Ligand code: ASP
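The chain that follows stands alone, in the form predicted on its own, written as C-alpha cells.
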Amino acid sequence: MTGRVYPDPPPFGAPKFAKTEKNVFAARTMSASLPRIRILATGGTIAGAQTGDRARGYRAGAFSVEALIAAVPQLAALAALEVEPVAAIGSQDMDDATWLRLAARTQAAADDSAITGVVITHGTDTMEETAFFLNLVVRTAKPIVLVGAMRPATAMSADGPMNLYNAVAVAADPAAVGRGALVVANDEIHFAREITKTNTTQVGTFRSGHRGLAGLVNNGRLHLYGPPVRRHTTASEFTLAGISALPRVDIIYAHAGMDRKLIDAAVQAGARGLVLAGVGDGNAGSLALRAAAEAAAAGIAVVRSSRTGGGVVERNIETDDDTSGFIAADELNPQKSRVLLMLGLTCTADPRVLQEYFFSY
C-alpha cells in the first residue's frame, strides 16, 4: 500500500468532493503508533450527493469513502486508516451476494493482526440487517462498527462527518472489544441485535428496544453500558465456509382480511423459509395460518414474528405452534428473523433446532 496525503476538506455546501483513486490505500497519519482501522465502504446516504443546490433528492454512494475521510481531517488523530471499497449502493439494494462479499472482507480485516477494528460505511435503510448478519457470521472479538447518515454529504448540516468520526473512535477503543457488531449514529452506540430504524428522515431514526443502547459516544469519547447477552461473533455457530448462496426466505406481512395467496406464492417461488410479520403477538387470520401450517408440513420453516415493532412473540399463546410446526421469533423483528432463519437453514431444517436458535441469538 502507498501513503497518501488527503486533499483539503471541501468548502461548506460544495456540490461534490474531490475524486480520489478507489484502490485500497493507507492514510498518512500523525503517528505510526495509532490504532489501525480498516474502513470497508458500501455506499449509502453518508456518501450521497444532492442532485441540485436546492434539491431534496440525492444519489446514494456518489462519493468515495476517501472523499468522506478527507472532509474529516480530525480522523488523523484517532487512527491510521486503510480503505477498501466493497460496493457503492444505496442500502435498499443490499443483497445476499453483497452480504457474503462484505462478510468475507470483514473477516479478512479482522484476521489481520495489524488491524485494531473495522468500520463499515452503509446506508441506513437495511443497516440493522447487515449488522445482525455480520454479528452472526464474523468470528472476531475485534470491534465491527457500521456507520451511516440520514443526510447526504452535500446537505446543510450533514450528519455523516461526526458519525464517521465517532465510529472510528469506537472501533479504535479497546473497551469495544467483544461486544459484537455495533452501529454508531447520532452520538449513540447500538448493538446489532437491538437496533432498528424507526423514522424515515430524522437523524435520530435508530432505536434499540429490548435492552437499550450499547452506549454513547460524545465527540469520540465512549460511555459504554452493559455487554450483549445473546450469542454473537466468536460464540456463533454459523459459518459461511463453502456457502456461495443463502437460502431464500420471504417475509409475509399480515393484515386484516388476509388470505393465503401471498404464502402460496412464496412457496411456489421456492422459499425455504417464511417469516410472518404477524399482527399482535405474531398472529394472522385462519386462512393464512392454514396455508402456513401446510407449508411447515411440507418442510418449509415458518417463523411467527410481529409487525408491531416491540415485544416478545411467545410460543403457543393464541397459535398452537407445536401442532403447526411453527417457530416463534422471540424478540426479533421480521427483518432480523429473516436473517437468522437464512443462516439457520444453512445448518438444519428441523424446526425444533431452529427454535433454539431464536432463543439463543
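Position 1 is the first residue in the sequence shown; the rest follow in order. For clarity, every value in this text was computed on a predicted model and none was experimentally measured.
The same protein also exists as the form predicted in complex with the ligand; that form is not shown, yet it is the one meant from here on.
At a distance threshold of 4.5 angstroms between non-hydrogen atoms, T45 is in contact with the ligand in the model of the complex. For the chain shown alone, A149 is a contact residue for the ligand in the model of the complex, at least one non-hydrogen atom being within 4.5 angstroms.
For the chain shown alone, P85 is not a contact residue for the ligand in the model of the complex, no non-hydrogen atom being within 4.5 angstroms. Residue contact check for S91: one or more of its heavy atoms lie within 4.5 Å of the ligand in the model of the complex. Scanning N163, T121, T124, N135 against the ligand in the model of the complex with a 4.5 Å heavy atom cut-off leaves one residue, T124. In summary, among the residues H232, K142, R260, K197, the only one with a non-hydrogen atom within 4.5 Å of the ligand in the model of the complex is K197. Contact with the ligand in the model of the complex, judged as any non-hydrogen atom within 4.5 angstroms, is confined among 91 to 99, 104 to 112, 239 to 247, 73 to 81 to 91 to 99.
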